[in-house]
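Quick setup: one chain, the form predicted alone, written in C-alpha cells, and binding and motion questions come after.
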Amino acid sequence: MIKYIPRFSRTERTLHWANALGFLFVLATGLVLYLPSLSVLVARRPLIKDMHFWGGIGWVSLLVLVALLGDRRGLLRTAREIERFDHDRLNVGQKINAILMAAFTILFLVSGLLLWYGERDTRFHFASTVVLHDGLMFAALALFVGHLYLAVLHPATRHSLRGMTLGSVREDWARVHYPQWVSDTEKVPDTRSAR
C-alpha cells in the first residue's frame, strides 16, 4: 500500500499557483508588447499595455492577499527554511528558485511602476529601467522553463508536482529525496496540510 505524507500546506500551494498564474499572464502580455510580430498580430497595443500593467498590479496584490489571509505562521516557517541552505523539506535548487522569484517579483513591480510613471511624468523616465525590466523577463523565463522541466518532465523530481497540486507526496519518494525532513516529520506531527 502506498503511503502519502503532507508536504505543502493549502496556503503554500495557493501562493505558488497564484504566483504562477500571475507570472504567466504578465509574461504573455509582456511578450506581445516585446515581440514586434506578436504586437502587429494583436494590433491593440494600448489595450495590451494596460492589461500588462494592471495584470502586474493584480499579480502582486494577489500574492499579498494570500500571504495575509492564509497561514502566515506557516509561510514564515517556510521563509526561515528557505534562508537555510540545507537539504531538508526543500532542496537548494528550490530555495534558490524561491529567492530569485521573490527578488524578480519585487524588481518587476518597481521597474514596471517606473516605466508606467515615466510615460506620465519625465522625472520617472530612466533609460536603464527598460533594460532592467526586459533583462528580468529573460532571466525569469529561463528560470521558469527550468522549473517547469524539473516539475513536469525530469523523472527524479516530477513526483514533487503532486506535493504542489494535492499537498502530499509518496513517503518512499520523500525518504529518498528528503530523508532529514521525513525523519523530522515523524518526530513532530505536521499540521501544514490543514491550512
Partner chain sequence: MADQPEPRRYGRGLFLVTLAGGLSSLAWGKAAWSHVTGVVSPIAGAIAPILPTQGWRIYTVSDHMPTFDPATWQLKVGGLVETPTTLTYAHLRALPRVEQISTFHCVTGWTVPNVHWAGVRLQHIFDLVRPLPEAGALQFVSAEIPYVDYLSMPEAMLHDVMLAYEMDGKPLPREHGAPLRLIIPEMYGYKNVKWLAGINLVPHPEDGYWEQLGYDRDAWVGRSNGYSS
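Positions refer to the first chain, counted from 1. Just so you know, these numbers come straight off a predicted model, no measurement behind them.
Here the subject shifts to the form predicted in complex with the partner chain, a form of this protein not shown in this document.
For the candidate spot formed by F85, L107 and F138, every residue has a non-hydrogen atom within 4.5 angstroms of the partner chain in the predicted complex.
Contact with the partner chain in the predicted complex, judged as any non-hydrogen atom within 4.5 angstroms, is confined among 145-153, 161-169, 125-133, 56-64 to 125-133. Using a 4.5 angstroms threshold between heavy atoms, R73 stays clear of the partner chain in the predicted complex.
Although the partner is absent here, S39 sits close enough that one of its heavy atoms falls within 4.5 Å of the partner chain in the predicted complex. At the 4.5 Å threshold, heavy atoms of I99 reach the partner chain in the predicted complex. Within this chain, L69 is remote from the site of the partner chain in the predicted complex, having no heavy atom within 4.5 Å. Shown here without the partner chain, the chain has R44, R45, P46, L47 in 44-69 lying with a heavy atom within 4.5 Å of that partner in the predicted complex.
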